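Presented as structure tokens, the chain that follows is alone, the form predicted on its own.
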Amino acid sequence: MEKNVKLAIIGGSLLKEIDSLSMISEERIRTPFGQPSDNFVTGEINGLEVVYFNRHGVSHHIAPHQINYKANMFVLKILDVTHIIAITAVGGITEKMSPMKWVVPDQIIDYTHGRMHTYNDSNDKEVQHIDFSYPFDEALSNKLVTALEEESCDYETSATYGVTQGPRLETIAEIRRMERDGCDIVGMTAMPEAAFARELEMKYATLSLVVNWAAGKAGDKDTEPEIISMDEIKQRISEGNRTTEKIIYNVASLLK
């Protein structure tokens, strides 16, 4: 149990809303960094105060490279959030990262470009350098693992999340490069989200669901890679939503 915990859940393609969240308030909050993605809903899950918003907006209209991560994370700090669980749908690169596998990654490689990625860019004070050796909070990640085990989920915890620019999916050559670099899964939103959380001293962990093999991958070396189907991805996301809610409920009980 931890004291004075306030949990934020960031939804995306996966977890567009939380049915188990008993809403207390919903507000649109302005920031010095522009408009955030969506309204911020505050409520309770299993007795723990929780804030939820969707990084892509309620109608999923904001592409990954257009998300105002800087404003989103600033609002969470204003709301006194201490812990953040970021929900992401990802592609599987390495053999263990098969569709419908849950992943609690422990490392990041950032391939994005042109995104605002720090609060230390106003040049009116001394630059603060953050240690980002371990981008995800270990204690919070461990609670996610416990919650996954309670639901008997198939999961991996030693995984590097490669963050691409989007919104297009990657080429086969790009995925081959990412695998050589050491990436296990590929997604589009963990950065600069994780770095902003570290700068603002909020504990951040990611819960990812593999919803497709990455380009050119099939899991079995003797199997011909299939063309990525958007319909299959949507179906797997739909299947994963119910389990995601259960995992979040379990984590809330561990934190309160």
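The model shown is predicted, which means the values in this text are computed figures rather than measured ones. Start at 1 and count along the sequence shown; that's the residue number.
This next part talks about the form predicted in complex with ligand HPA, which is not shown.
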item: Options 163-171, 79-87, 107-115, 132-140; stretch whose heavy atom lies within 4.5 Å of ligand HPA in the predicted complex; value: 163-171
item: Contacting member of 51, 67, 194, 211, with respect to ligand HPA in the predicted complex [4.5 Å, heavy atom]; value: 211
item: Contact test in the predicted complex: residue 188 vs ligand HPA, heavy atoms, 4.5 Å; value: yes
